[in-house]
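Heads up, the chain below is alone and in the form predicted alone; it's given as structure tokens.
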């Protein structure tokens, strides 16, 4: 029997929960999030076990840098846990294709997730899902509310307002307008190009068109974000070229910069470091009234070891991960890592609530280079890093950057040839 059929039959059985409880089983969970251990032990596991007597959870994380190697070794040896925490896209797709992750497309809980949410853990044709989406991170801008109040600035909604605010901050001189460096390269692409870009290429519409070969990186929607980045250099402060990611974090949290191009993953750390009130705004649109788009990027999922001896109990747990109860626990324990399900969630952290509220105002997409387009050589993700840096530093024009990246992509990706 195919795994998808097997799981569908399990889910259709009304006595599943009772059967799982009667087995009195322990599910072992593999994960790279060893920093989450206390959250699992103190909050997630007690909540699940209280609602599902007879199923115990054993959370056994590895160090993040070692996780892939450790997990693959365990899977090959047949000693991996019942539940596998999934990185997005190709690493988990490879596990599914090797027969290590079960097809969970028919799991009831999967109905709670949109195609965008499921994209990080689906086959290329989206016909099979092999991990339940757990959390995403949302891109935007975090700002110092005290600095904005001092300078009489409102959170900008349009590009014109954005650059007017930057000019006001620069002219006053009390703060660096934006804290971002180019030394480590990835920030310029992740918190620059893929932060503002969806407003230009219209989120999933453009991303999927690029995948299909219907758009190219020389089209206006893909070059225009570089034109905005080319204007950023004058607002990043002296020496931004040598400024590292930790440098930028310190500059903002110490109150020396007014705006931080950001991801929501910063919230927990920043909350413990700042002595001012923080706010956030989504990437400003080109013109008032335009639809806004945000990068709501798939970050972490969780799936079933295809070789588990406890598929019914594992399915019960994975369904619970798609529930409002799990989403609320996880999101409040880790502010800035947002549930991907449609289940209602109330967040206690005001900055996290601001980020997640954008889902109701804007269209969600994911980072443009993460699905399929970075499998070849040259690697489009890495090329986007250095192109973003080169444009910000004035070493490459937006048009030349687009042409170079398009040439590299077309050299190996058939739909672009």
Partner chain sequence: MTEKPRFRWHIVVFLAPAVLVYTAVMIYPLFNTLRLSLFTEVDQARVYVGLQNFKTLFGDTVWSTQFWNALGNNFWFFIVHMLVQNPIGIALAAILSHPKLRFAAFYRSAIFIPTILSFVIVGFAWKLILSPIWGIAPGMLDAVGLKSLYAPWLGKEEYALTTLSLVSVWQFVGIPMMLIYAALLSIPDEILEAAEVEGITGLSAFWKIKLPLILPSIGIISILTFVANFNAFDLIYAAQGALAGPDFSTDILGTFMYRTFFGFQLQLGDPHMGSTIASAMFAIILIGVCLYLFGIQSRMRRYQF
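Numbering follows the first chain given and starts at 1. For clarity, every value in this text was computed on a predicted model and none was experimentally measured.
What comes next is about the form predicted in complex with the partner chain, which does not appear here.
For the residues 379, 62, 26, 357, the 4.5 Å heavy atom test against the partner chain in the model of the complex is passed only by 379.
For the options 275, 124, 97, 309, the residue carrying a heavy atom within 4.5 angstroms of the partner chain in the model of the complex is 97. Heavy atoms within 4.5 Å of the partner chain in the model of the complex map, among the stretches 158-166, 301-309, 334-342, 245-253, onto 245-253 alone. The closest non-hydrogen atom of residue 386 lies within 4.5 Å of the partner chain in the model of the complex. Although the partner is absent here, residue 48 is not a contact residue: none of its heavy atoms lies within 4.5 angstroms of the partner chain in the model of the complex. A residue is said to contact a partner when one of its heavy atoms sits within 4.5 Å of a partner heavy atom; residue 289 fails this definition for the partner chain in the model of the complex, lying far away. Within this chain, residue 31 is remote from the site of the partner chain in the model of the complex, having no heavy atom within 4.5 Å. Residues 238, 239, 241, 242, 243 are the ones in 215-243 with at least one heavy atom within 4.5 Å of the partner chain in the model of the complex, listed in sequence order.
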